[in-house]
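Look below for two forms of one protein chain, each set out as C-alpha cells: first structure 1, then structure 2.
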Structure 1
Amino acid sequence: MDKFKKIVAKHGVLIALIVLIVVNIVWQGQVFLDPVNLRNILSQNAYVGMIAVGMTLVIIGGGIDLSVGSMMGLVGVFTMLTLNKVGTDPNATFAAAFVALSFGTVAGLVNGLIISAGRVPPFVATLAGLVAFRSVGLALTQASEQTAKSGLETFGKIAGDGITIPGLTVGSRGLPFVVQWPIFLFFILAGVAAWVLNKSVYGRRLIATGANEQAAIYSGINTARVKVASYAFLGFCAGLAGLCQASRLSSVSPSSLGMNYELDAIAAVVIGGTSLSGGKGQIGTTILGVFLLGIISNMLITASVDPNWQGCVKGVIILLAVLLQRANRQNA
C-alpha cells in the first residue's frame, strides 16, 4: 500500500495523464485516437509547450515570468513588420526569424537584469512587462491585424511544413499527413532544457539558486548571472513560439497573440510538480502537464461540452491533478 502511494506521488502527473487518456478513449475513442487528432494535439500545444519549457527553468531558479505571453505577442508584431518590410522571399523569412529570436532573447535578458540587477521582485518586474509589451505591440500596429503580404511562401513553411509520414493521409481528399516543424522544435527545446537541467554545470547552479540563494552565493555562484540566463532562455522560447505561431496563421493579431500563454505555461509547470518556490522540478513532467491541459481542451471540444462550462471542467481537472500529487506526498 505504501509502495503504491509512493508510486502515485512520484508519478502523479503521468498517472493523471494516463487516466485522462483512458477516459478520453472510452468516451471519444474514434475521434480521440484519429492520427490527425493526435497530431493536432501536438501541434496546438507545441507553442505553449515551448514557453512552458523555458518557464520551468525560470521557476526552478526561484523566479516567475508573467510577461511571456505579451512578449510573444510583441515578437509576432516585430516578425510581421520585418517580414513585410523586407518583402522578398526567402530573405524576408530569415530576417523575420532573426528578429523574432533575438528580440525574444533580449527582452528576456532585460527582464532578468531588471530582476537581478535592479532587485525588483520577479512578479512585479514581469507584471510590468505583461502590460507594457502588449501595449507596445498595439501601439506599433494601431491594434490592427498584421497579415503577411503575398509571395512570402517560405515564411508559412516554418509552421505549415514538416515531415511527411507515409501511409497516413488527412481528410477525404487524402492530403499528405504532415507532422509540422513546431512539434519537433518543441521537443528539441525540451530536450536541450532537460539536458541543461540534469547534466550541465549550469543546471546544478540553477537548482541551487532556486533552492537556497544564500547557500549558492556562499558556494561562489554568481546567482544574478544564473537567473538572467534563465530569463533570457525563456525569452528565446517565447520568441520561437511567437515566430512559429505567426507563421502558422501567416498573420498576427497584436491584441490576442500569446494572450494568457503565461498562465497556461505556469499551469503546465505546476501540474508537472515543479515547486513555485523554486529549487525543484523536471522538464519531462512539465511536458506531461502541457499535454494534460491540451488533452482536456481537446476532449471538451470533441465531446461538445457547452463552451461556457469548459473553463469550470478544466479548472476542476487541474486541481484534481495537483491534489493527486499533493495528498499522497503528505501521507508518504
Structure 2
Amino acid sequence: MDKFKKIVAKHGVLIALIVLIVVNIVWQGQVFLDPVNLRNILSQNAYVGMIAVGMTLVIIGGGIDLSVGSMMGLVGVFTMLTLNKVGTDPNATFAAAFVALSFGTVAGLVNGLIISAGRVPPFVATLAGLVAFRSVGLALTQASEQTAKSGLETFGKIAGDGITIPGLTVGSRGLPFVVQWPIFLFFILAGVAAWVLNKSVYGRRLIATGANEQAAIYSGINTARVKVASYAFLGFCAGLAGLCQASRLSSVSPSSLGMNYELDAIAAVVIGGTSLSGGKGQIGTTILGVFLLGIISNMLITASVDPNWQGCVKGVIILLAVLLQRANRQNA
C-alpha cells in the first residue's frame, strides 16, 4: 500500500491524464482520436501553456503572478495598435512582434522589481497589476475592439501557419494537415525552461531561493536578482501568448483577451505538482497539467455542460490538487 501511495504521489498527474484519455476514447471513440480534434486541444491550450511555463519558474522561486492575464490583454492592445500604426507588411508584423515581446518582458521585470526591491508581497503587487494592466488597455482603446487592417496577411501567419504533416489531410477536399506555430512555440519554450531549471546554475539558485530564501542569501545567492529574472521570463511568456492570440483572432478585445488565463496557468502548475510554497516543481508535469485541464474542458464542452459551471469544475480540481499536495507532504 505504501508503495502504491508513493507511485500515485510521484506520477499522479500522469496517471490522471492517462485515465482521462482512456475515458475519452471509450466515450467519444474515433472523434476524440481524430487528428484535428487532438490538434485543436493542443492549439487551444498552447496559449495558457506558454504562461504556465513561466508561472512554474515564478512559483518555484516562491512567488506568484496574478497579473499575467491582464498583461497579455494589454500586450494584445499594443500589438494591434503598433500593427495598424506601421501598416506596411511585413514591417508591421516585425514591429508588432518586437513591441509585444519587449513590453511583456519589461512588464514582468517591473513586477519583479516591485516585489524584490520594493519588498511588496507578490500577491499584492501582481493583484495591482491585474487591475492596472486591464485598465490601461481599456483606456487606450476606449474599451473598443481593435481589428487588424486589411493587407496584413503576414501577421495572421504567426498563429495561422505552421508545419505540414506528410500523409495527413483534412476534410473531403484533402487539405494538408498543419500543426500551427503556437504549438511548437509552447513546446520550445517549455524545453528551454526545463533546461534552465534542471541544468543551469540559475535553476539551482531559483530552487534554493524558493525552498529557503534566507538560507539562499547566507550561501551568497542574490535572491532578488533570481526572482526578478523569473518574473521577466514570465512577462516574456505572456508577451508571446498575447502576440499569438492577437494573430489568431486578427483582433483584440481589451476587456476579454487573456481574461482568467492567470488562473488557468496557476491551476496547471499546481495540478502538475509544483509546490505553492516554492522550492519544488518541474516543467514536464506542468505540461501534463495543462493538457489535463484542456482535456477536461474538451469533455465539458462535448457533454454540453453549461459554461457557467465549467469554472466551478476547475476550482474543485485546483482544491483537490492542493489537498493532495498537503497530504503528500504530511506522509513524507
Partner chain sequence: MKPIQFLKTGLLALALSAMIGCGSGSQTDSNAPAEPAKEGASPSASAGGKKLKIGISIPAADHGWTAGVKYWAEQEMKKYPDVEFVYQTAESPDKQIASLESMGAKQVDGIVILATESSPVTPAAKKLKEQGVFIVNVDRGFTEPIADIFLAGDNKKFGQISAEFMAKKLGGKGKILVLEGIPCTVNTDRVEAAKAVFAKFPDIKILDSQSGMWNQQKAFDVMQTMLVKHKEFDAVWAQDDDMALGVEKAMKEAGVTNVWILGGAGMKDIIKRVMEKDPMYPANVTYPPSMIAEGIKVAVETLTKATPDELKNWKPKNIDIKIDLVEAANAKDFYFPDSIY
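Just so you know, these numbers come straight off a predicted model, no measurement behind them. Residue numbering: structure 1 sequence, from 1. By rigid core we mean the largest C-alpha set that fits within 1.5 Å across both forms.
Between the two isolated copies of the chain, the form predicted alone corresponds to structure 2. Core-aligned CA deviation for Val316 between the two structures: 2 Å or greater.
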